[in-house]
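Read the single chain below, which is given as structure tokens and is the form predicted on its own.
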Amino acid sequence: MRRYGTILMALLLVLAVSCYVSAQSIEEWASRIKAELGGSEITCAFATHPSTEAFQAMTAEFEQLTGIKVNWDVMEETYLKNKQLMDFAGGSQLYDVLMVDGFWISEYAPKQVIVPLSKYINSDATPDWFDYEDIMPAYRNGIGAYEGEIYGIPTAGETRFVGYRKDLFEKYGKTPPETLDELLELAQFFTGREPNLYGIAMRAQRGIHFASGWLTITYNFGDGFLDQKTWEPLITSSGTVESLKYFIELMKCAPPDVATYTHEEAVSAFMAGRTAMWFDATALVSWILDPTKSQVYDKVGFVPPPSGPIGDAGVFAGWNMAIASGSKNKDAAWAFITYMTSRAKAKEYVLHGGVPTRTSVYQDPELVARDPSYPVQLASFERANALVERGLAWIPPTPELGKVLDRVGYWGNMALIGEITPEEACRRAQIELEDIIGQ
């Protein structure tokens, strides 16, 4: 017993020394940053998001340690991209750190809206506790890179899965969906089953949000909006047309105002108890499980994305922190990114409601116990990996992606509100995409 006690004491000593060294390393790094960059001021252009709230909660400590003043410009996602691009095009140089959707990287990188980050990551000045390699490989390569170069540090990786009201499912003897057919049947069953209750909430606002919602299930029917080898538009292919018809039928089971929903309105409807199910980003789980935000926080279960006609598929998306090319304080911006997105601060970030992107977080026993959706999230990532095995990226890496999604989402939303048929929406979108892509 004495031998085991000695071993235990030694392990505790090692752990204590390890924590001390880590803390000292952060303090030593911060001291150097303060000497070099103290008094600097940076402005962050971010979207309303759980990760943003977490970073804001950590800002005061960063400012105290480094002497760098941080200003926040936080807005709804719809306006964020426009403001970032206006700042870039107008040369206003208002922003230093940008929150960049994985959708935008293939547009921002070739336009030089943001700067390559490899030289920062590989710099001797970047501390070991930042640990870029701890970020899950699919996020590093899937949402933060373009043509082999790193442009963003993934901060809020996500796939999508189904949240459901366990109390309602138990009350009516229903089981969570395993297929898209079952998802639609359940959505139809619950719509109107109780006063002011609808089957499902998803994003479907005209433009990029509708396209994003539609893409949640598109790859379960075919190869998406574009051939990712030839870039030929595929909107009128049978699989894509069927996916739109299915999505519209599903959205008939959503609240009447679903045609105006971004991710915020969709999750708000679910948290308010207006829908029996919700199919959207894993990044929003912290809101759903927060008793100060959600009326259903203790009644929710999660399942991986249902299989479709051609099998499994899933979303691999998320947000990055990037440095604006017009920033006058790029070193201070990188110091902020280093601290906020590091492995050393990852657990604190998640405890503040941030969204995981790091392997170490998904392996942390305390965090796994705290968020019961973690195992389902990992199962959902496996579904998303089915796309990789098919040679497809959920976010097609073309500089024209923003235009593609805007027009696809415009015509899809027109079909949703009944102005045109799904077939006609696809036909019109095909014509516009051929013009955009140059086919």
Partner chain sequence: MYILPAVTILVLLTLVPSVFLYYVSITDYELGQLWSTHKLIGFRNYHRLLSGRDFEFWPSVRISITFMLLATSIETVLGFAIALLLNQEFRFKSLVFGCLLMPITITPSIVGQMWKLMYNAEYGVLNYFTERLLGVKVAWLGPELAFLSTLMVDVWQWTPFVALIIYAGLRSIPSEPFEAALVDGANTVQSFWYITLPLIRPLLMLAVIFRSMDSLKLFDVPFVLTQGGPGSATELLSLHVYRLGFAQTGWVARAAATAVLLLVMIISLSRLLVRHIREGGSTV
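Numbering follows the first chain given and starts at 1. All values derive from a computational prediction rather than experimental measurement.
Just so you know, the form predicted together with its partner chain exists too; it's not on screen, but the next bit is about it.
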(request) Give a yes or no on whether each residue among Tyr79, Tyr198 and Ile417 has a heavy atom within 4.5 Å of its partner chain in the model of the complex. (result) yes
(message) With the partner left out here, check for me: in the model of the complex, does some heavy atom of Lys245 sit within 4.5 Å of its partner chain?
(response) no
(message) I'd like to check something about Lys111: if you look in the model of the complex, is any of its heavy atoms closer than or equal to 4.5 Å to a heavy atom of its partner chain?
(response) yes
(message) I'd like to know whether Phe55 contacts its partner chain in the model of the complex, with contact meaning heavy atoms within 4.5 angstroms.
(response) no
(message) Is it the case that Arg383, even though its partner is missing from this view, gets within 4.5 Å of its partner chain in the model of the complex, heavy atoms only?
(response) no
(message) At 4.5 Å between heavy atoms, only one of the stretches 122-130, 198-206, 167-175, 237-245 reaches its partner chain in the model of the complex; which one is it?
(response) 198-206
(request) Name the single residue among Phe279, Tyr349, Phe190, Tyr261 that comes within 4.5 Å of its partner chain in the model of the complex, judging by heavy atoms. (result) Tyr261
(request) Taking 4.5 Å between heavy atoms as the contact cutoff, choose which of Asp257, Glu147, Asp181, Glu249 touches its partner chain in the model of the complex. (result) Asp257
(message) Can you list, in sequence order, the residues from 399-435 that come within 4.5 Å of its partner chain in the model of the complex, counting heavy atoms only?
(response) Gly402, Lys403, Asp406, Arg407, Tyr410, Trp411, Asn413, Met414, Ile417, Arg428, Glu432, Asp435
